[in-house]
Ligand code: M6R
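Coming up is one lone chain in structure tokens, specifically the form predicted on its own.
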Amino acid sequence: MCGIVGYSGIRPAAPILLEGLKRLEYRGYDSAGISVGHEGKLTVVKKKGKIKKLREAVPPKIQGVYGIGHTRWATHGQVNDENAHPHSDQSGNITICHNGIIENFNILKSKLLEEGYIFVSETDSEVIAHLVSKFYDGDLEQAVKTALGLLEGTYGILCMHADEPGRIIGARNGSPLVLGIGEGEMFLASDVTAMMAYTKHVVYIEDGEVVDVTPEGYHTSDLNNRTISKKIQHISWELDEIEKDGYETFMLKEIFEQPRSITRGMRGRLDKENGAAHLGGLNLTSQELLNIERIKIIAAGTSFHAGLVAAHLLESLARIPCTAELASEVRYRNPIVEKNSLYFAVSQSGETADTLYAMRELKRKGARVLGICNVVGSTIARESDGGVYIHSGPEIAVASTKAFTSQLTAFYLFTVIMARMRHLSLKDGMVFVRELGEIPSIIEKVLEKDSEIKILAKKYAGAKDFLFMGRGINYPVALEGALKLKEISYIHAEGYSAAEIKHGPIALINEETPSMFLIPNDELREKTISNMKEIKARKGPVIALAVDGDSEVGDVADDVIYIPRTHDLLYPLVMVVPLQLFSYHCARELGRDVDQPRNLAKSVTVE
């Protein structure tokens, strides 16, 4: 949530800051602002609303070659210009940008008010600017460190002082911060996408670290002034991967990228000859894998749904007990870490606060935790004991699509490894791996139905409520379909096991509440059709996702989307795609901003 950018160099800072903020729009925000330094003065411009409004408000001739910027997702105080960042001290000589939440800000604010400091916003962040001002005696870095020593909570901070031109102090505790290194210029941001147009050489700042940046270089230390040596890393993503590339939205582009993103996730990892797979980053020997007796998956949102699919998959194919749990609940439940258990922390960004904190709690209790992430160098990737990069490429739209199928792909590969070590024969393994390798081409065929799904979405976009029904391994896909629809169209939607409709949800059925049924050609097909007939008997409109040639489903449902046949356990990878398209076109029909839906953020870095 929120985004921060900083620049110190030789070029005009304002255009770089505005472009960086534009790149961070996908993180979710409701106001934005910049502060630019020039000739002993800091100019602050901030506006409620989108970056476009901020750009219009920035004076065209604003000067300065260093500055900081911010996109705010409101937590403390209303959405207005006063609460937007950057925040200043009373003199206007200090400006700060802050991501995160300061939990003890009320206590700090009360003390500062008693000392005569004047606050102009309702935010927790403004206390930081006044604290730095209070402790400033000519050394900005030391003033920031002293202020940070009083803070309780999470932060990613950038700070400037008018009397120290070109100098930016950055600090991190629980909120991402990355330094970009150029020639005679430096960049700071909460995400590498903000600086990819200028540099691919980055340094990831860790919790408890402070970075002192000037155009000539940087110095990293901890709050006790101990120098920390940092490793420079290279960003592998290309700039065109964060452009729309001719698509009307990022979300549509990312839906259509799934055949390629899944292929990338499998490249070099499928072993068709031996019906197996390879995942080099697990950091586990074959004997250690064989000794695993239980697997637990922690995640949030869409990643949690991927974990639910994976739990079913691992138990069905590898015969290993597996559960998926919400990371936000795991952390505060005082979890029991069992011997010979393996944990997975799943997060597209690798910065999801709930998942990160749960992972840390599990590790404190002695758990081995592997990460499944998309962003190289992210916190979960760095702090886990090993894991898998899904290689889906940058995902800009807030609602996750290609990352979901790429996370599933990683779990399918891991499951094949575990299954072949246990109960899966060479012959069956070869069949499964071959069919897994065909998934990208099957999804290509599903994407060809885009115009058909668009027509269907137009028919149902006026519904106020929607139900999604699935069974077995496809029940989590029903949950994900419901989540996508409500995320981007704002239509109320719920996902259920189709078998559960008799235990409450059937009371919701009427002529105005459509139900989407997932009906693959598996062992639960007949039971799911029976559940569908129960809805039809009560005059509920029914849409079905069925396998090519299934005429019985077509005889019952009002509308059917047909998909190609595949292995029973592989349908989640295929069935989720038409649900993504259906949600997308419903949202577009209703005029929603699908890339940046209201109140949501791409990377949830606060609790």
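Every value quoted in this text rests on a predicted model; they were computed, and no experiment measured them. When you see a residue number, it is the position in the sequence shown, counting from 1.
Although it is not shown, the form predicted together with this ligand is what the next lines describe.
> With the cut-off set at 4.5 Å between non-hydrogen atoms, does Asp124 touch this ligand in the predicted bound form?
No, Asp124 is distant from the partner.
> Would you classify Val309 as touching this ligand in the predicted bound form, given a 4.5 Å non-hydrogen atom cut-off?
Contact with this ligand, no.
> So in the predicted bound form, is this ligand close enough to Ala399 to count as touching (4.5 Å, heavy atoms)?
Output for Ala399 is yes: heavy atoms within 4.5 Å of this ligand.
> If we define contact as a non-hydrogen atom of the residue within 4.5 angstroms of the partner, is Glu487 a contact of this ligand in the predicted bound form?
So Glu487 counts as contacting this ligand.
> Select from the listed residues Thr409, Ser347, Gln258, Thr95 the one whose heavy atoms reach within 4.5 Å of this ligand in the predicted bound form.
Going through each option in turn, the one that passes is Ser347.
> From the list Ser175, Ser384, Thr415, Thr302, which entry has a heavy atom within 4.5 Å of this ligand in the predicted bound form?
If I apply the 4.5 Å criterion carefully, the residue I get is Thr302.
> Which is the contacting stretch out of 215-223, 149-157, 294-302, 163-171, given heavy atoms within 4.5 Å of this ligand in the predicted bound form?
Of the stretches listed, the one contacting the partner is 294-302.
> Would all three of Ala32, Thr71 and Val192 be in contact with this ligand in the predicted bound form, where contact means some heavy atom lies within 4.5 Å?
Result no, not one residue of the spot touches this ligand.
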